[in-house]
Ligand SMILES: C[S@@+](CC[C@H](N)C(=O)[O-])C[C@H]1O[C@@H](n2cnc3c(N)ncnc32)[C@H](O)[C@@H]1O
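Taking the form predicted on its own, here's one chain by itself in C-alpha cells.
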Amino acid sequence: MSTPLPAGSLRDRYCKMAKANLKFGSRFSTGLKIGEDTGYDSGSTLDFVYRNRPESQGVVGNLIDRQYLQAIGWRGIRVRKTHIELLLRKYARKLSEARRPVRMLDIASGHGRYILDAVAAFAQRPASVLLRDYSDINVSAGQKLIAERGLSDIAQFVHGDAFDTASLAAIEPRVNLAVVSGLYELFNDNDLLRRSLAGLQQAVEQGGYLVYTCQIWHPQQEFIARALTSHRQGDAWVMRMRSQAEMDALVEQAGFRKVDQCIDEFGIFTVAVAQKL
C-alpha cells in the first residue's frame, strides 16, 4: 500500500483523479474540508463522523456530507463507538459493584466525545476521567467538550504521547478503566504498540480493565491508502490491519487477560476488553 503505483497506469490515474475530486469537493463539503485540512484519520474527522449530520452551508455540500458519512468505514466506526460505550458501562458497573471508585483513562482521545458520551450514561459518575492526546487541536476541543458537559470537576484533558512508556507509567493515581481506540491501526511497527501497552500495564491497577480496538479488515483499504491523506504531515493514510489473534497476543504479552469482545456487522472493527493480571 505504501509503494507508489506505476506512473501513468490506469490505477494511478484513477487514484489521482479521486484525490483531485476530494480536494474539489472540500470547497463545498464541511466533512471533506475537515479531512483535507486535518487528515482523514484525525480526531477532528472522527468527531465529525460521530456527530453524523451534514454541516455544510449549501445544498451541494450537504449532499456530499450525507454520502461521505454513509461510507462503510464511517458506519463501522459509529458502531465501534456504540460498542465502546456499551463495554465501558458494563465494566464501570462491575467496578462499582466491587466498591472500587471508577478512574478512567483514554490515551489517544481525539476530541473525547465517545468517552464523554459513555460517562453520561453511567449509573454513577466516575471518580476521575483523564483524557490525553498528542494534538493541541484535539486537546483544546476536548477541554471545551468537558466544560460543555459540566464534567470539569472530574475530567481533564491533557497533552500526552500514547507511545511514551514512562509518561503513561507515571500517571497517578492509577486507573482501573483504560481505553485505547482507533490508534494502533495507524502504525505499522508493533514495537510502538509494545511501548504503549507497557505504559498502560503500569498505569492500570491490579484487576483493572483495558478496552482496546482492532481493525481486522477494511473493504476500502487500498482506496484509503491511495486517495486519503493522514494527520501525519499529509502523508498517505496507510492502515495496518492486524488479525484479532495478533492484537490479543500483544495485549496478553503486556500482562492482560482478554475477557470480552464485540464486533460490527461488517466485520471491520472489534472492541475487546482485557483485565490486568
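All values derive from a computational prediction rather than experimental measurement. Note that residue numbering begins at 1 and tracks the sequence as displayed.
Keep in mind that the form predicted in complex with this ligand is not shown, yet the notes after this line are about it.
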{"property": "Within 4.5 Å of this ligand in the predicted bound form, all of V129, Y209 and Q261 (non-hydrogen atom)", "result": "no"}
{"property": "Sole residue of L177, A118, A162, A155 within 4.5 Å of this ligand in the predicted bound form, by heavy atom", "result": "A162"}
{"property": "This ligand: the contacting residue among L88, M104, L193, A108 in the predicted bound form [heavy atom, 4.5 Å]", "result": "A108"}
{"property": "4.5 Å heavy atom contact, E36 and this ligand in the predicted bound form", "result": "no"}
{"property": "Heavy atom of G76 within 4.5 Å of this ligand in the predicted bound form", "result": "no"}
{"property": "Close approach of S135 to this ligand in the predicted bound form, 4.5 Å, heavy atom", "result": "yes"}
{"property": "Proximity of V204 to this ligand in the predicted bound form, heavy atoms at 4.5 Å", "result": "no"}
{"property": "Partner-proximal stretch of 219-227, 60-68, 37-45, 245-253 relative to this ligand in the predicted bound form, 4.5 angstroms, heavy atom", "result": "37-45"}
{"property": "Contact set, 164-196 vs this ligand in the predicted bound form - heavy atom within 4.5 angstroms", "result": "S181, G182, L183, L186, F187"}
